[in-house]
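Take a look at this single chain in structure tokens; it is the form predicted alone.
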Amino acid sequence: MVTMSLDPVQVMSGQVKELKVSPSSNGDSRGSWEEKEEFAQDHLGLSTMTKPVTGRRTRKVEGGVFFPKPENAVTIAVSSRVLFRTEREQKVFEQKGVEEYLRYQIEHENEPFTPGPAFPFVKALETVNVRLRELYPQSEELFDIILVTYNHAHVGIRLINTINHHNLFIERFCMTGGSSPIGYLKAWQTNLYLSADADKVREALAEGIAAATMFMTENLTEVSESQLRVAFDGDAVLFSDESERIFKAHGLDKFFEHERDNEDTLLDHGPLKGFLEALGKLQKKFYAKGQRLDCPIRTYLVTARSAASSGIRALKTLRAWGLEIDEALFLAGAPKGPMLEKIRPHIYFDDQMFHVEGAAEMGTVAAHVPYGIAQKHNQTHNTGVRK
């Protein structure tokens, strides 16, 4: 059994490894870089070592558009605390305060952070962008990644050094100095916000921004380097929590009856419907070039619904919305973890911590969408993994 802390800056038991950090004030110990890099690659399922980058890189995309307009792009805002591992720095902040935290960051600004749970997802987004630029050199319909952090601007140097070290194409930063980033996310027309701060995720959802809380897990499974795989729960994620409310209040039989009676009534949209639409828009660009079978984006519906008893309403709703799901798994209450282990998504979205924990137990990066009636039940189930 694996225990997962609901504090996202903590990690699952046994995950943290002590790393030697050079006491040098300039923090440029290459040994500490390599040790942290090797540890991160092993635990994130990345098959190759990232070589340290020296000097400033020249970014060039032949015939491409560097900075798409927000209205054209699929904008993904990622917190620095989920893109990178920052547990050590968070501990300094909590134990010694902000001034010592800033001093520590400056002293270690030449030491790159190691990859966090969102890192493989972001790398996969960039892989899709490469393919899109090959097919549509002048198009601005791309993934646009924004790094969001509550940090003071002084920390930006270390973040930039880290991005260059890992060869990430992230040019847009939002460093708020402790203020809420939600207003900026709206200005960027953000399609998805991933954070370690559950309160900010709830704030984003309340403003109509698709958002989810990410957690560190141990022993992540290796994921595809050539295809972005995104898996969604149905109720309270892609769809509203209407049916979930019936189930919680009246039980399974009433839920089945409700779904049969409303088979031809579309479900209302959930918080991540818009993100699935955005993925579908990019998928169609590949289909238009005859690459449906070689599309670098693949989507999955992984739901506890039963196919015959309640699945038809979900499928009719997706079809009416004009949305395609590449694969749909109706599990009829069976555990989701083993199925997700086979899919190996870069990220899986679910509204119930029970399923998030079950996925994490099997090595899947799962993100919690704190939306709907299930959150009342999540509040009473916030430690460990349910058997």
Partner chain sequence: MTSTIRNTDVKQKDAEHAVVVAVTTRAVFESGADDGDGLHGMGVAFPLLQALQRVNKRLLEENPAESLLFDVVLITTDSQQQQQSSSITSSTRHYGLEVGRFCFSSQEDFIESLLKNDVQLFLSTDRNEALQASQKGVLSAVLDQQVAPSEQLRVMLCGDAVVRPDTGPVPESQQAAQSFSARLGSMRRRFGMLDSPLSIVLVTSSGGRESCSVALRTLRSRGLSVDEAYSLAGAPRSPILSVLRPHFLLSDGVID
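Numbering follows the first chain given and starts at 1. Please read all numbers here as calculations on a predicted model, not as lab measurements.
Quick note: we don't show the form predicted together with the partner chain, though the next part is all about it.
Using a 4.5 angstroms threshold between heavy atoms, Ala187 counts as touching the partner chain in the predicted bound form. By the criterion of a heavy atom within 4.5 Å, Glu109 is counted among the residues contacting the partner chain in the predicted bound form.
By the criterion of a heavy atom within 4.5 Å, Glu99 is counted among the residues contacting the partner chain in the predicted bound form. None of the heavy atoms of Leu267 is located within 4.5 Å of the partner chain in the predicted bound form. Annotated contact segment (heavy atom within 4.5 Å of the partner chain in the predicted bound form): 155 to 163, selected among 254 to 262, 312 to 320, 273 to 281, 155 to 163. Out of the listed residues Ile246, Ile170, Ile209, Ala304, Ile170 is the one that sits within 4.5 Å of the partner chain in the predicted bound form by at least one heavy atom. Here is the short version: of Asn72, Gln291, Ser224, Thr176, the single residue with a heavy atom within 4.5 Å of the partner chain in the predicted bound form is Thr176.
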